[in-house]
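Only one chain is given next, in structure tokens, and it is the form predicted alone.
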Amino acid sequence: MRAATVAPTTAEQRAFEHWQARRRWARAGLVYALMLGFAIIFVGPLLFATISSLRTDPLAYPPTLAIPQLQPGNWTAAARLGQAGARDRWFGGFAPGAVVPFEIAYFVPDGIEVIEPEVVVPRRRPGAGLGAVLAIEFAADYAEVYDLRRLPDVPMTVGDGDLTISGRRVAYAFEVRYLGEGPEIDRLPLDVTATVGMRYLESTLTASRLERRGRTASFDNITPGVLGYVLRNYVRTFNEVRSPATLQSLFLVWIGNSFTFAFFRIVVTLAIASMAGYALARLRFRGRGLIFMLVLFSQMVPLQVLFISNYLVLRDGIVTVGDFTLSSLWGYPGGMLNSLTGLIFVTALNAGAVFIMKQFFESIPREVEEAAMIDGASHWRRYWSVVMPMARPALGALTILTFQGAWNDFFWPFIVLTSPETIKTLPIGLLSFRNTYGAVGDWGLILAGAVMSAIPVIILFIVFQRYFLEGVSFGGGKE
């Protein structure tokens, strides 16, 4: 006889369903936790670099995310001071007629004599590198401190380790005025030096740094405006890095050169890769297999192997008839070094792009082209009107890969583009940042430039990411 089966009760069935639901949620939570962990690992350094690029001194220890540039109180103060200095809440400045009110407070322990602090507008240049050699106007030539007065003291105690120190809060208020007529100046630095024993507490705008063992509260700019305060290092990359001859912003020039190089490299790569890939995938001709093997072989050749020969071609050209050289076709009879044309000439052809397009074209059903062939479409017509619209996922992915490769390319631009400064691309310009500002420890400007160099790649990936999804779904479909 068969053993009788006992049907589960309603309570047991409900408990089993709850157990399954908890198991599903546990699996989903584990997956999301892993994804979050990977996101922190990969995005964390970029996020920390972005926050550090906002700091006045990114090397300050200990590292922290609670920086003055991210405090709303400083945003409000920076906007108010920028309005007082140049009637500009966003980027501030110091203009004729300005009257800038400012306050600073100290903690003075009991028994310490209070001496009025020294308030000075110093003749301070904005930074190192090119900012240290350009002719600029100094706010110290037009500014004067007025009406320095002591505010009522407030008793207070502070903790110093295991000790509690009693004393009082001593605050001073004053104004910095623009005397007479003159140019509008983009920054108003300030130094406030107190006597020994007085400890800096706070001010209208948080001090950029404390010097002379904390006696001097130094401000790089007390009229920055909210954007000039938060994005100070980013503003500096455009304002300080200029050509000594033309005063043109080199950072803008480098960005334009990188976009130009990336654009033409994308156009040339997509055109050649799509046509060559279509020919290798669809056309039948003698030597097709050999050509494809050469394409695969060229991917295995390291860049350094072709370095000398390609460099000589760019420098001297290829003599064909008399003094005529290959570079003469592009208007460079003396060679294509120090030109974006020469850079595109040696980097545009990419065997990997041809291989990607060939493989994608082979995944497209032939019946689609056969239908167009019945209607009398030529090879060119089928390529342009039938196959290319279906190849958008591959073209989008190739656009991202090509742009990223061109935008971040360092080796060939470093070899080809040597002088003048206005011909360089952004990665080579960032190297100039490293050599110029890194030597004096001004890493804020370097980090700002590096973060901005990553933004176009991120934006392009966000715009074209759907083509990756389309490529996956198309590749998974049945023919």
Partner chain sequence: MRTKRADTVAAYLFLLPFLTLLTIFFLYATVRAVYFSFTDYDLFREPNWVGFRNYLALFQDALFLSALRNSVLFALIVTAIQTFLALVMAAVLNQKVRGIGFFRAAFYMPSITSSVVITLIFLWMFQRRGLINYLNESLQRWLPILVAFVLIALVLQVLQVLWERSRALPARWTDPALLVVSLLLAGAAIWLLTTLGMLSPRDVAPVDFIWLQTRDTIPAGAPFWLSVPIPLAAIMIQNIFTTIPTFMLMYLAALQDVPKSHYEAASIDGATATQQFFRITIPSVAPVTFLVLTLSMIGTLQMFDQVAIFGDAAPLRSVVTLAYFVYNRMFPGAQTPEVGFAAAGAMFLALLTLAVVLLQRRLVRSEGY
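Heads up, when I say rigid core I mean the largest set of C-alphas that superpose within 1.5 Å between the two forms. Positions refer to the first chain, counted from 1. None of these values were measured; they are calculated from a predicted model.
This protein has a second form, the form predicted in complex with its partner chain, left out of what is shown; the following refers to that one.
Look at 213-221, 295-303, 142-150, 165-173: in the predicted complex, residues with non-hydrogen atoms within 4.5 angstroms of its partner chain sit in 295-303. The candidate spot formed by 138, 372 and 402 lies out of contact with its partner chain in the predicted complex, as no residue has a heavy atom within 4.5 Å of it. The shortest heavy atom separation between residue 458 and its partner chain in the predicted complex is within 4.5 Å. Its partner chain in the predicted complex is approached by residue 283, whose closest heavy atom lies within 4.5 angstroms of it. Within 4.5 Å of any heavy atom of its partner chain in the predicted complex lies no heavy atom of residue 71.
Using a 4.5 angstroms limit between non-hydrogen atoms, residue 311 touches its partner chain in the predicted complex.
This chain is displayed alone, yet in the predicted complex one of 392, 199, 177, 315 has a heavy atom within 4.5 Å of its partner chain; that residue is 315. For the stretch 404-425, the set of residues having any non-hydrogen atom within 4.5 angstroms of its partner chain in the predicted complex comprises 404, 408, 410, 411, 414, 415, in sequence order. Taking the rigid core as fixed, one finds a CA shift for residue 209 smaller than 2 Å between this form and the one not shown. Residue displacement note: residue 441 has its CA displaced by under 2 Å between this form and the one not shown (rigid core superposed). Once both forms are fitted on their rigid core, the CA atom of residue 70 lies less than 2 Å apart between this form and the one not shown.
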